[in-house]
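Just so you know, structure 1 and structure 2 below are the same protein chain in two forms, each on its own as structure tokens.
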Structure 1
């Protein structure tokens, strides 16, 4: 039986880290793509990774380049391409620049990997998912965004540190858009089945929730140049694994809602079941009135991004 193939678009820190993680997981062959202007960079990184297989013991092939023909027949395509926000650049500037980049990628995905499941990492994530879905015309089952897995991982990390317990005993749930309006849900976050609401006083819990919302900004401040890439790439790898192994794993992902949670036609972070078909089920959580209000605020933030894009996407 032929091996699965995963194509990672964008050979920067996130893309390269993801490609290497996937190679080490030995789940599939891996293609690392970047633009022609990067010359031999993606090929060089891929060759370096492949040679590490002699140490780590993975047998899958890993190649890099700028030729989209390398992506033909991919089972999963992960899009990390885009530019970071720079000084003096407004949010709308970033949105429109990255929409153009991601749109061009989506055209190639549709042509070269028409049966693939697409995972979007590029920011602003929820809006970039919409770009991919509209350009490719793929059903919602095959376009997902990686955000909730990362946000939940950050919250789990902070909870494990605060409670001095194994990260393996901690589960966290975060809904909504990827950004300041995300909605961490303490009621659905547990340590060995016990709600963290029962384990932490309200003031300490609120600090963890805020630190989760500021998780990316905290790393950017510490790095001074650049942003997080180890945890984002690991989060995407978990999604790829669930798809390729048909794990039916429940993970928080940006998904195109069709009436669930009272939302229609928007990509918003919710828990979903991931398997071989991609999104196999949207898991519905019962929310309190306060949680619903926070979720609506997050949805409104996503909607505002899409209004800026109206009329600017490839039809």
Structure 2
């Protein structure tokens, strides 16, 4: 049996880190695509990564370039193409420029990898997922967005630091859009099964929730020239692994809702069971009225972004 194939589109900070992480996980061959000014960049990065296999001991092939034929027959395509934000920008400020890029990428995905499962990373995430789904016409099972795994990873990190426990004991749940109105859910966030609501006073918990919401902006401010990429690429790798290994992991992902959580026709972050078919189930959590309210606010902001996009596209 031949190895699976994962194509990563965009060989910048997120894409290159992801390609290298995937190569080291030894799950598949990896293709790295980009259309940079320096033409040889994706091929050069891929060759460099390939040679690290001698040390890490991975056998999968890794190639880079600008020719979409390389992506032919991919099992999974991850889209990182686009521009990252700069200090002071929100993810939403990237809407129109990234919509154009992501839409052109989606046309190629449909042509060259029509059976693939697509994971979107480009921001603003929920709107970019909608662009990919509309352009490819893929069923919702095969278009997912990476956001919740990252937001949860950030919250888990802050909780583990605050409580001085292993990150492996901390589970965190973040729903909603991948924006300033994301919805961290303390009731469903636990340390070894105990809800963090019982472990932390309200004010400290609030601080962690706010830092989670601002997690991306905190890094943008420090970097000054780009946005986070190590944790985002690791988060996407976890989703790719769940799909390639068909391990049915439940992970928070942006998914096209069809009535779940009272939402129809919008991509929003919810817990999803991931397996070989992509989205295999949307997991329903019972929400309190306050949580529902926060979720609705987040859904509304995803919706208004799409309205802007639709307005511009029809003009």
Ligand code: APR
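Residue numbers count along the first chain shown, from 1. Basically, rigid core = biggest C-alpha set you can superpose within 1.5 Å across the two forms. Computed from a predicted structure; not experimentally measured.
Student: Looking at both forms of the chain, which one is the form predicted together with the ligand?
Tutor: Looking at both copies of the chain, structure 2 is the one that matches the description.
Student: Using a rigid core alignment, state whether the CA of residue 59 is displaced by 2 Å or more between structures 1 and 2.
Tutor: Not so; residue 59 is displaced by less than 2 Å.
Student: Align both forms on the core first, then report whether residue 38 has a C-alpha shift of 2 Å or more between structures 1 and 2.
Tutor: After core superposition, the C-alpha of residue 38 moves 2 Å or more between structures 1 and 2.
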